[in-house]
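In the form predicted on its own, a lone chain appears below as structure tokens.
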């Protein structure tokens, strides 16, 4: 039996969908069979990140209404045979029953090693759908006060339920600013939110530039290595952290920090 992991955040704009997509790609690259479920109804972007938007025929609402089989709605990623997407409904007025969504996720987890559920940002009914369909939760935050405050609200909801794992992923952290003490470090954020830290993903211009999230395009980016470390931690139950500050230390690090500041 596989694992069902909901990826949540307290607010929009923290890169929650990017984390869900990057983690799924990294797990698939490591040989796992992965299904991404897009539950961000009306604001769905996973098909765009994977570059499969033109392949969408059916979505999760069609499956739940019995209009198609699960296999008809699943879209295979072009780069990895083991990665599939179950697209979200395109209209926000779509409403689903939590029991039906959970039943669907239970069927999928019998077919895949990992079911990664991209939950909507914030606190709403669709967040409850995502949480009801998962056994584990990843809370995504950025090193900004608004993100931390809103994440704390979501964490309080998550902690009121029974999950096997509730862990933290810090996204868009800048090593140059952390070294200059201009940004909260991962340890400070972890101390504030009081969750086990599963991974850190550095800010990446490469990921921001491309609308389609493809590893071959951003292979030289440190973020790819960070996602591979995150996937390793998921698979092995480890807590190895990608060193996002290493290239900003020493003499060369000072030069890089100054260049980064001047851009």
Partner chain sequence: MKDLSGKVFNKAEEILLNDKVKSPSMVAGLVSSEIYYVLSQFFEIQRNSFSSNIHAEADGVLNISFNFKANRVLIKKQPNQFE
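As the structure is a prediction and not an experimental result, all values here were calculated from the model. Numbering follows the first chain given and starts at 1.
Note that the form predicted in complex with its partner chain isn't included here; everything after this is about it.
Visitor: Based on heavy atom distances of 4.5 Å or less, which listed stretch (134-142, 179-187, 166-174, 110-118) is in contact with its partner chain in the predicted bound form?
Guide: Residues of 179-187 come within 4.5 Å of the partner.
Visitor: Counting non-hydrogen atoms within 4.5 angstroms of its partner chain in the predicted bound form, say which of 104, 79, 157, 148 makes the cut.
Guide: Selected residue: 148.
Visitor: Would you mind picking the one in 193, 74, 98, 123 that has a heavy atom within 4.5 Å of its partner chain in the predicted bound form?
Guide: Looking at the other structure, the residue within range turns out to be 193.
Visitor: Find out whether any non-hydrogen atom of residue 128 is located within 4.5 angstroms of its partner chain in the predicted bound form, and reply yes or no.
Guide: Judged by the heavy-atom cut-off of 4.5 Å, residue 128 is well away from its partner chain in the predicted bound form.
Visitor: Give a yes or no for residue 153: in the predicted bound form, does one of its heavy atoms lie within 4.5 Å of a heavy atom belonging to its partner chain?
Guide: Heavy-atom contact with its partner chain at 4.5 Å: present for residue 153.
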